[in-house]
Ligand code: CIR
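A lone chain, given as structure tokens: the form predicted on its own.
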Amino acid sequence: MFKNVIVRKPSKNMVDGITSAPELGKPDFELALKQHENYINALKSCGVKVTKLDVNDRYPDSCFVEDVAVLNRKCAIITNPGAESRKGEEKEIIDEIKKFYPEDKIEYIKAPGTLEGGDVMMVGDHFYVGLSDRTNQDGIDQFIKILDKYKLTGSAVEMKEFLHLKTGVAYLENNNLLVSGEFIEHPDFKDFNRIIIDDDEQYASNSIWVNEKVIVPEGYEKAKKSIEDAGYEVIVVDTSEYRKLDGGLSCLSLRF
């Protein structure tokens, strides 16, 4: 169960954030702010305490706090983002992490290793890590070595299609896994109860489990029904403006 969530309010220059889908257009900043507040309210309804960090104008993608740290019950791991425009962003979260973890339980991924939290999926005490354009083998090796120190385990996941691991897969606890695209038949996930998300609703693969409820992006009715049919209470949140920046529900928070 999660007790805490950290989010960061979007800055006006989010409209200049990284995107692989310019055809979706620039985000509407005012609408993005409303969507962020609705997202926070959805999280609060799951029984967590939400810490809202101030705007960080230096980094257009800074609202996507998931990428700069990996938090678990034993330690906090500060990442080293693979995207050039996000280098240094991870340092901006450290003071906040120190409010929740003692310094001797805060670890760091160091260059030339890169790792982004969007590539890390926690399944109990095991962590699947996507080998992506943003997370390299050195970063994964460092990450697994840190996990081993805390008697946790990790494994690399080969991937080709998605930006981040969690762009295409989401763990909903109870051995249930949302899967889409290349992960539907991926050997690493064969032992899970796989809930398949169709290609036309692939964005909904990035849903998040928060204390027995699942937050799902608005507009993906087949995915919503599949998750409800698996026995979950679903909360729907519109993240249309974040989708324009390759961002989804998990990207916008650190849950621990």
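For clarity, every value in this text was computed on a predicted model and none was experimentally measured. Residue positions are given as counts along the sequence shown, with the first one as 1.
There is also a form predicted together with ligand CIR; it is not shown, and the following applies to it.
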Given that ligand CIR is not shown alongside this chain, does Gly130 nevertheless sit within 4.5 Å of it in the predicted complex, heavy atom to heavy atom? no
Worksheet item: Looking at the partner-bound form in the predicted complex, is Val5 within 4.5 Å of ligand CIR by any heavy atom?
Response: no
Subject >> Partner proximity in the predicted complex: Leu163 to ligand CIR, non-hydrogen atom cutoff 4.5 Å >> reply: yes
Hey, in the predicted complex, is Gly139 touching ligand CIR, heavy atoms inside 4.5 Å?
no
Note: ligand CIR not shown here; in the predicted complex, the stretch from 21-29, 229-237, 243-251, 5-13 having heavy atoms within 4.5 Å of it is 243-251
Looking in the predicted complex, is ligand CIR within 4.5 angstroms of a heavy atom from every one of Lys87, Glu90 and Gly113? no
When ligand CIR is considered in the predicted complex, the residues of 66-86 having a heavy atom within 4.5 Å of it are Glu66, Asp67, Arg86
